[in-house]
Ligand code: BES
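Single chain ahead, written as structure tokens, the form predicted alone.
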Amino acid sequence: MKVSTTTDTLQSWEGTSLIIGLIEGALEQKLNQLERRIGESLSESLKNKAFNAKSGEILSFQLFHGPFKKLILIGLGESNNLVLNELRKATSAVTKETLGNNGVLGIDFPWECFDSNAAVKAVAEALRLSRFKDLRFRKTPEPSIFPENVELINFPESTNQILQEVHPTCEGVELARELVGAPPNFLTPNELANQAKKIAENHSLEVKILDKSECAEKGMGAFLAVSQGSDLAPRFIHLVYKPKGAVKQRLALIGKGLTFDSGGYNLKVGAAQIDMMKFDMGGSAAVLGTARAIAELKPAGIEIHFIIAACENMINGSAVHPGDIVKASNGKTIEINNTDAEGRLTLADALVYACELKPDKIVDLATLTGACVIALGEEIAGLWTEDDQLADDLTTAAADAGEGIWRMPLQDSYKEGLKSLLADIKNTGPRAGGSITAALFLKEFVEESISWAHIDIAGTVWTEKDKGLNPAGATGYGVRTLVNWILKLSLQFK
């Protein structure tokens, strides 16, 4: 599918299908223009269907004469509530109305109400991502016909540069969705490492994969403790993007990489939905999806390290016990009072490894706590950082992407709950404030001189319902946020 803009107006554009976004309370002028163009009245039909352009209302017409065959009207709601997410929602909704149609699709939205670049990017991403279907594991995938060319008509200016960002970003999101959606017998730690190698080979990134013995040499006792109950060997993944020219800033992105989480001896039961624990590598999927996008976008001045400690959390005679004490690679000892709080153990050694690279900023993403889902639901990720500028930058990047995020407190006094009688720290604290104590645990493995942010994506990595831009299943959450953040940072180095 090719998306482009055109200055053709409603009166001059020709194609197969046309989508028009209408604002509630401002129908008459646009309707008059449209009726002149198609040569017939629509007012009676709108009245009979009680169409008032409220947000989400859709009305379709099959035309037998005129410049296009199908006309789709979509309500955008009131003008004072018109935000970019309304364009995303509208685009996703009408995408279904154009399935089965070949040819050229035109979209006419009230572009003048938005920043041009932001609007075209939002609509182009929504067109691409809302029609995503993961059919890899079907015997006979069902066909999905969609218009080959989409033109955003009556567009006031050229936006070719911003459109060039859409394809790599969406490729990254779709890769993340496929990784999260893959069953655990397919996406093993070794296969996750192979995916990283593939990205490196196809897009000229550096790659290093550490095996179990190499991780042991580095003292990664926390990471290896989680993996010791699985028959599948762990893999520690390190991809590097280096820009052309001087490096002005160095970033490290870390993704939790539990390809399956049984909970260990603290076995997941009841409402925990153990069958869905394939998505416990959602953070690593976001990081690899971002690597895929960044490798093609090639931002200036920024070196980026993509880091994943990949393994399974399983049960056998060698599995870690509740009550075991392990040592992380920075020498800190951890009492494991809950084997189902395993992600923070793998991240502990990943954070130490990242700090040794001396980055300016570290951001980790993890499906870390059910407590974050209780606090923020399934559409908003939690953000923890002590760096106000980093918090603002990530929040802005998420808002631009249409991905929900909310800054949470790092309440220092809550560290009391992580005290151990025997070790330096326990891996879980009291139930209350569980997502906060999880973030405080991670902070123990980050050097104070390095700016760090933790994003808990436990609620946002998967959706059971079709939410337009995110069809049911894996969402690919985090890729667009990270890409937006990195591209904005790079602007100062061009």
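In case it trips you up, residue 1 is the first one in the sequence shown, and so on. The structure presented is a predicted model; accordingly, all values stated were derived computationally and were not measured.
Separately, the form predicted together with the named molecule exists; it is not shown, and the next lines address it.
When contacts are judged by a 4.5 Å heavy atom cut-off, K332 does not count as touching the named molecule in the model of the complex. Under a 4.5 angstroms non-hydrogen atom cutoff, the named molecule in the model of the complex has L368 among its neighbouring residues. Mapping the unseen interface onto this chain, A397 falls outside it, with no heavy atom inside 4.5 Å of the named molecule in the model of the complex. Mapping the unseen interface onto this chain, A341 counts among the residues with a heavy atom inside 4.5 Å of the named molecule in the model of the complex. Put simply, of R235, R292, K256, R177 only one has a heavy atom within 4.5 Å of the named molecule in the model of the complex, and it is K256. Of the residues given (C215, L376, A328, M277), M277 alone sits with a heavy atom within 4.5 Å of the named molecule in the model of the complex.
From the list 350-358, 154-162, 219-227, 277-285, the contact stretch for the named molecule in the model of the complex under a 4.5 Å heavy atom rule is 277-285.
Shown here without its partner, the chain carries A252, K298 and T481, none of which come within 4.5 Å of the named molecule in the model of the complex through any heavy atom.
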